[in-house]
Structure formats: C-alpha cells, structure tokens
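As a starting point, one isolated chain is supplied in structure tokens, in the form predicted alone.
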Amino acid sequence: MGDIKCLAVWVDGLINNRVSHDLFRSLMLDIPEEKLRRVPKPELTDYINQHFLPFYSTARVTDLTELKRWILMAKMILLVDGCPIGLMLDAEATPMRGITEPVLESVVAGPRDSFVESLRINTALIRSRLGDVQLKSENFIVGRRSNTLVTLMYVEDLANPLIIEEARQRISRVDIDGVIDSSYLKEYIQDRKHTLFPLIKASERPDKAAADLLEGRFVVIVDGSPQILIAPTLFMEFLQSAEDYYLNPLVVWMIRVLRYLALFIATNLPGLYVAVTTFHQELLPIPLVFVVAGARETVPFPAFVEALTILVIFELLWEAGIRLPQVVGAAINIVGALILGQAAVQAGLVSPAMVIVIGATAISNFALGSGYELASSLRLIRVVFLIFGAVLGLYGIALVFLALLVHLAGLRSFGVPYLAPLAPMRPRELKDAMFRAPWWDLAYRPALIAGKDLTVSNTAPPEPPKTPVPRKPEN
C-alpha cells in the first residue's frame, strides 16, 4: 500500500479467490497514500479496518496463537508492517456439497432439505424457519489441533437457563485433539458414560431442529458435520417422525401404535419364540404345537442356536447392505433374503417358522420412526432377550424387561428424566406421546424442558360458522 509493506496469509483452496482479488485491489489501488502517511503505524490496521473495509466481516487479532487458529479455520489474516495488530478477514470458501434430501429421516410429506457440512449454511437453514430475535447463537472452539467451530443455538426466553448453562459448561470442558463429527462431541456431553440408549438426539432436518427449539431445547452444530445434536431428549421422541406433525392426527395415532408394537417385536419376538417352544409349549394351541413340532422335526439344532445363527446372518446382511455401493446393495439383499433363506429351509437347517420370526423382527427394527439410533441399540438388546429366554424361559424375559425399565427410569438427558412424560407422569404432556393431539390442542411446552414461557398457542379449536352462509339463487 504505497510505501507500506503488508502480508496476507491464508490456506490455499479455503479462500474465495474473487473476494481476495477485490480485497487486494482495494488495498493497493483505492487507498490514498497521503492519508496513510498521516496515520501512525501502530494504528494503521484499525484505520484501514474502519475506513476502507466496512463491508467485510473482520476482527482484530493481537495474539499469535489466535492468529494461527484463524488461519487454520479458513480465514485470511492481514498484517501491516510496523503495526502490532493483525486483521482477520472472512473470505472463506470451504468446498462443500449442495443441499439435498435427508437420507436417514426421509418423509412423504414435509420439507425436503437437509443439513450439510457447512456450519454457516446449517445455522442459516434454522434461522430461515425461525425468525425470532430471541434465537441466540454462541460459538466455541473445540479441539486442540482441529480448531473446530461449534455453535450452541437456543431461544433465550423459551429455554431453561439452567440447562443452557449446563450445556455451555459441558462443551467448554471438552479437551480433545480433534472433533471431526458431531458424534465425537455427543459422547463427551451426554449424562451417562455407558448406556445403549441415545441420550442426545441427532438430526439432519432443519424443520425438526426449529420445532425442537420452539419447545425450549437447544441445538449444537459442529462445523463439518451434516448432523446436529438436539437436547434434552426423551425416549418417546425416537418413536416419532417429523412427518407425524404434517399428517392427520388420527392417522398419526394409528402409526405410533404400530411403532410401539414394532419396538416390542424387534426386542422380544425371537426370545419369546425360543422360550415358548423350549419351556412353555402349553401356551400354544394344539394345532400350532403340531405345526411347530413338524417344522422342527428335521432341524438338527436347538431353537436357541437356530435363532442366533439367523440373527448373525441378518446382522451381516445389514452391514453388507450399508457398506457396499448402492448398485450392488440390492443384489446382496436379494441373495440374503431369498436365496439363503429358501436354501436353508429346504436343506433342513432352519425351520420356516424361525425364518418368519426373524423376518418380522428385521422389518420391525426399521419401523421405529426417526429412531435409527434406537434401532442400532436394539440389536444388542434383542440378543440379551434371546439368551435369557433360552436359559430361563419367560421368567428370564421378564427379568430382562424389568432391568431394562429400571435402567431407562434412571437415565437423564441434561437432568430431564428420560421416560418423561410417563415417568414422572405428566398427563398434560401425554397429548404428544402415544398419540398426537390436533395442533389447536397442543397448547403447552414440556414443563421439564422449557423455561417459564410454557404457552405454545392460544388459538381456539375450529368450529362451523355460527350463522348460515348465504347462498346465491340458482339460475
């Protein structure tokens, strides 16, 4: 800039070349030299920032460690010779993919956009749906080497201040080399060290994030991750889908009952079948006893070994279908479901009834609404039910079920009981649990999650007109 030497530092490929070109041109050609000569050198950076760069997002940098961190976070640094202050310029252009439809939370009705790997686009997707001045964002730098930007979002007058402060403290105390995905952070900030059940909900849908923010929850967005974290989380939410709030409430009631039935089948059906056929044949009708005995007459293995073998094969097919390319994934499913199953039955290695049981279990495992995380957890729980059912019969299944209820009742998500609103029982909040009440009846936020403002809607329910609508005379 005239006689003054400057240095610009950035990482090639992470900066918008057009923005940097405009910046250099304005610095070298548009700044009068005589004005710069009248400014003391220690004040040059502030003078340039205030008078010639008003349209860029800038920040003063005085610490060398902070300067290095900004460079590695895809920012440009401008240094002026003789001035002890650096200038951070936001000319970021990180490579990223476009906004696409959700993969894990697809719906028939409702919005079709999903989060991407860019934090700023993700926050913009939320703010485009929730234009509230009380929607706050707080930034954290997590990772000693990755310097990952993490944003905590919440609606200030709806969220519980104690929960938000707890979230701040948990994020601030994370000390790790790098945070590559939001899943890294989730394991550090959840309430329990060891549990199979997800205590923090992950989502890739902006509409779901906005709806949870309106209920008083908070959202954690990690730069580079297409999934955000939502907390506090309740167990029932994993048996719900974003589509539930776009369909008729009566239809949603039937769908949610099916999901709870699918949860029971996915966890208990193989264990119940083995327990009944091994210890409690008297529970079966006489015709069914002969059918099951005839089907198992040529099977050389006990029912437990038979069920465990097919479950292991099903798990292998699940993993193969996920890891293989999409063009050959369908072929693997056909080979596993049709050829292997039919061949095993014809060879007499498994009974047709067991194939039906495991098939129903597999279908139910994927009918849990938005609960893909819960579906992954049920894989191990199903095996536990199977083992205890094979050893102790229905008594063993009852013991596992009781232990599971005790464990669930003791879980917390940022201090909120995991089984709420069933335990503790809150009748007013059951309108969005097993069934969904109409929107005009969902008038209150969850009291255990939200702050002082619990009123969602003051709209009266719909009703027909009080006076008849006048009709035009017929021609």
Partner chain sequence: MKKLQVLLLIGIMLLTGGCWDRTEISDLGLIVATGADLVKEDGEDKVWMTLQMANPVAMVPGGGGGGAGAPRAFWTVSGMGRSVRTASIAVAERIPKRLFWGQNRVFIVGEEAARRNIIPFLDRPLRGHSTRRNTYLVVARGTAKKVLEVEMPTFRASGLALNNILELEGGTEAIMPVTLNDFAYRLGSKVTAPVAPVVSVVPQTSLTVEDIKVPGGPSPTIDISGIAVFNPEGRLLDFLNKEETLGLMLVLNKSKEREITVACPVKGPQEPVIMHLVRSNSRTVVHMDEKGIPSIEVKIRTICDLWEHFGSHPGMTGIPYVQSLEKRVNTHIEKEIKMVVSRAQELNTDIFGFGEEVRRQHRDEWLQLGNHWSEIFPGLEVTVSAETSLRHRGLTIEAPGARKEHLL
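Note that the structure is predicted; figures quoted are calculated from it, not measured. Positions refer to the first chain, counted from 1.
The same protein has a further form, the form predicted in complex with the partner chain, not shown here; the description that follows concerns it.
> Sort through 141, 176, 392, 317 and report the residue having a heavy atom within 4.5 Å of the partner chain in the predicted bound form.
The residue from 141, 176, 392, 317 that makes the contact is 392.
> What is the one choice in 294, 161, 131, 98 with a heavy atom within 4.5 Å of the partner chain in the predicted bound form?
Partner contact (heavy atom, 4.5 Å) among the options: 294.
> According to a 4.5 angstroms non-hydrogen atom cut-off, is residue 284 in contact with the partner chain in the predicted bound form?
Residue 284: yes, in contact with the partner chain in the predicted bound form.
> Please run the contact check for residue 278 against the partner chain in the predicted bound form: heavy atoms, 4.5 angstroms, yes or no?
Judged by the heavy-atom cut-off of 4.5 Å, residue 278 is in contact with the partner chain in the predicted bound form.
> Applying a 4.5 Å heavy atom distance criterion, does residue 303 contact the partner chain in the predicted bound form?
Result yes; residue 303 sits at the interface with the partner chain in the predicted bound form.
> Does the 4.5 Å heavy atom contact test between residue 72 and the partner chain in the predicted bound form come out positive?
Result no; residue 72 lies far from the partner chain in the predicted bound form.
> Considering the partner chain in the predicted bound form, find the one stretch among 224-232, 102-110, 207-215, 295-303 with heavy atoms no farther than 4.5 Å from it.
It is 295-303 that comes within 4.5 Å of the partner.
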